[in-house]
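Presented as structure tokens, the chain that follows is alone, the form predicted alone.
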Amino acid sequence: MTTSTLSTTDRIEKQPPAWTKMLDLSDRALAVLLLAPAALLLSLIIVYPVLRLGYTSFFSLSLTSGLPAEFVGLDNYRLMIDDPVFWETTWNTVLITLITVPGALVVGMALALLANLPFRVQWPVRLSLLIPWALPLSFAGLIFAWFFHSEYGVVNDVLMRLGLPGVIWFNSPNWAMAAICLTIIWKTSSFMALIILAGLQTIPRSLYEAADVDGAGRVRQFVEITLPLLKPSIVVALIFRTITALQTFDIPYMMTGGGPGTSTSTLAMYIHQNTISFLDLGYGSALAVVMFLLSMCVTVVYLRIIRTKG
């Protein structure tokens, strides 16, 4: 009797305390617990501002009028439909995206292939890719505004030395847009090149050696080996580049200020004009919501492409 009582008592004493059972979490519960701080931080710096932006877009809120905020529903979006400047700036943004994203991809691919060649000393070539990427956007806009200056710019000087007439770049909407697109391609192609170069580093050299044995030329190796294996890197680069292209602000703002007229203004510049210059927070928020939706639509399309190919 005594022995049975002691053994039962020992088993009770050997059981872990009840509070330690709370620490015995399942994998799912542990994952939720570890991700909760990051989710909370993202909610504070991303989700809340976006929701607040959407909320403000339903109000008439102009700081210059001195009137309190008034709920107007979809009036800001109706005003947007009848606003010719909105459509012009949106078209300019789409045009810049359609020109600069493929241009940066082609130039970035060429730079990445060049940097991946078996040079004896590779670091100067790869360092040259970092310089345009590390240069601030506004600084790049100022530099190229000087390059394309009609009187003392480098571009016109080269044209005249070649016997070609100089161009007044920033007085013509077409020439001004061309100068902006060339600048953006130069600035962003290094970013594309760095991502593609990282993808090139993951392709085994044995595949190219086997292709050489089979008699495949360089072009065929590029089409059948390099491009298929680079598709994930290219898609990632395109996602980031397209989203930043839709948000283009710094380079056109520093080069032309949106001129002549509004022919080179982008949607981001129009948002800045309404919110910062005109202090119309309601209409500016509605414009920002439209730009956010454009960026989300592009991201969804790219993600669907990735999922389909996967």
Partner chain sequence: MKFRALTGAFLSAASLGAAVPAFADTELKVYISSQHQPQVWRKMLDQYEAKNPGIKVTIETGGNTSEAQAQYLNTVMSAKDTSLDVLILDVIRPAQFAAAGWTSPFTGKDMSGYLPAYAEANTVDGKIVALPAFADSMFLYYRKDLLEKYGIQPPKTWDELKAAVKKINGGENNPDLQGLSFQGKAIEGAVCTFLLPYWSQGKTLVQNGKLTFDRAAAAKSLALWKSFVDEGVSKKNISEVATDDTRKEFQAGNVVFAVNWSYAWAQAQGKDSAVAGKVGVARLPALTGGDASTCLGGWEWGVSAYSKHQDDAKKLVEFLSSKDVSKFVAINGSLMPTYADLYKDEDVLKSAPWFADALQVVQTAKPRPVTPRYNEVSEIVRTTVNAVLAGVMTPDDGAAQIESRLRRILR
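Numbering follows the first chain given and starts at 1. Computed from a prediction, not measured in an experiment: that's the story for all the values here.
Below, we turn to the form predicted in complex with the partner chain, even though it does not appear here.
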item	value
Options 240-248, 271-279, 28-36, 48-56; stretch whose heavy atom lies within 4.5 Å of the partner chain in the model of the complex	271-279
4.5 angstroms heavy atom contact with the partner chain in the model of the complex for residue 173	yes
Residue 68 within 4.5 Å of the partner chain in the model of the complex, heavy atoms	no
Contact test in the model of the complex: residue 214 vs the partner chain, heavy atoms, 4.5 Å	no
Close approach of residue 209 to the partner chain in the model of the complex, 4.5 Å, heavy atom	no
The single option of 125, 85, 159, 223 touching the partner chain in the model of the complex, heavy atom within 4.5 Å	85
Partner-contacting position among 164, 135, 227, 168 - heavy atom within 4.5 Å of the partner chain in the model of the complex	168
Stretch 235-267 - residues with a heavy atom within 4.5 Å of the partner chain in the model of the complex	253, 259, 260, 261, 262
